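Next comes just one chain, in structure tokens: the form predicted on its own.
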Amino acid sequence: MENILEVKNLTKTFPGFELKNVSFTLPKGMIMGIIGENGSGKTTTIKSILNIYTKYSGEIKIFGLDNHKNDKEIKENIGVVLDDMFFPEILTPNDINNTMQGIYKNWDSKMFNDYLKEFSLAPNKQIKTFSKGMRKKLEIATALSHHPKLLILDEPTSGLDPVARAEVIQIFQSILEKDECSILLSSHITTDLEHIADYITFINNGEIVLSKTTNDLLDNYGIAKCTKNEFKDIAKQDYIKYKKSKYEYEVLVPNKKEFKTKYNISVIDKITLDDLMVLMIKGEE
């Protein structure tokens, strides 16, 4: 399968923080969700991919091209929504439409105006009159309207109500089906990722904890609930992390079926991405 994005041994150092040897690949036509706590390195990774941060070690290839040497060609085919992105507040969507026609060869004014209608955004109103959610919708409409081959989205649904979030997620899915676009998506709303992401990459404290298919994580991983005595009998190689409370142990296991055949523990719950993050970050080894 062709990879649209390849990140190899990406390392970036700031005072008090280091992104350490981050590596993952995003196949063409797929969605990868990036999860992690605030300050874990998600945005640093994305900004390095986009050449906003240029001083790093490692290798980044997009469409098979080195992102340093082919920045202009690559950016022509990328749509971007960043958490700290903004347009000057005096502009209107019509102003943005006119500006983008001179930036992107494939800018599609009809598509942009169709998104404005779908998102109920007035084309002649200044951005300063828009709510946070409306501004986010405008950013998304702008990112989508030049037929990008890769969407890089940092918290694209933040500030949106559940109905608007569902609408945006549906648009992302339809773009994948129609345009063979790929999506790299960072989000704190992990339930969205559970429904749409093909892959999950988990970053914690500047390092990749895991990068797997969503099906592998949600179908195979689980949380075994047991007593202290039952936990003592579990071999270390059969679990990843555990958390103890007053009455029971919660044990993160990588393969529910194998674990169940090996141990006489009746309760093994399905896992959510939130569960995974909490146990991986707060759990004991």
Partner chain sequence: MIGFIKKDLAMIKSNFKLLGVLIVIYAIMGLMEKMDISFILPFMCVMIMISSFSYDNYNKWDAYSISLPNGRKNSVKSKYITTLLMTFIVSIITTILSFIISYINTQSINYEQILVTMFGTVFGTLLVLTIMYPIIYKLGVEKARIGIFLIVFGIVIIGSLLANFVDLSNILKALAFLEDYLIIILILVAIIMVYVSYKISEKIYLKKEF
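Numbering follows the first chain given and starts at 1. Everything numeric here is computed off the predicted structure, so don't read it as measured data.
The protein also exists as the form predicted in complex with the partner chain; that form is not presented, and the subsequent description refers to it.
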{"property": "In the predicted complex, the residue from Gln237, Thr54, Thr227, Ser245 that sits within 4.5 Å of the partner chain by heavy atoms", "result": "Thr54"}
{"property": "Contact residue in the predicted complex, chosen from Thr99, Gln173, Asn205, Asn113 - any heavy atom within 4.5 Å of the partner chain", "result": "Thr99"}
{"property": "Contact segment among 193-201, 159-167, 180-188, 70-78, judged by heavy atoms lying within 4.5 Å of the partner chain in the predicted complex", "result": "70-78"}
{"property": "Exercise: Thr214 in contact with the partner chain in the predicted complex, heavy atom 4.5 Å", "result": "no"}
{"property": "Partner contact for Lys47 in the predicted complex: the partner chain, 4.5 angstroms, heavy atom", "result": "yes"}
{"property": "4.5 Å heavy atom contact, Leu91 to the partner chain in the predicted complex", "result": "yes"}
{"property": "Contact label in the predicted complex: Thr142 to the partner chain, heavy atom within 4.5 Å", "result": "yes"}
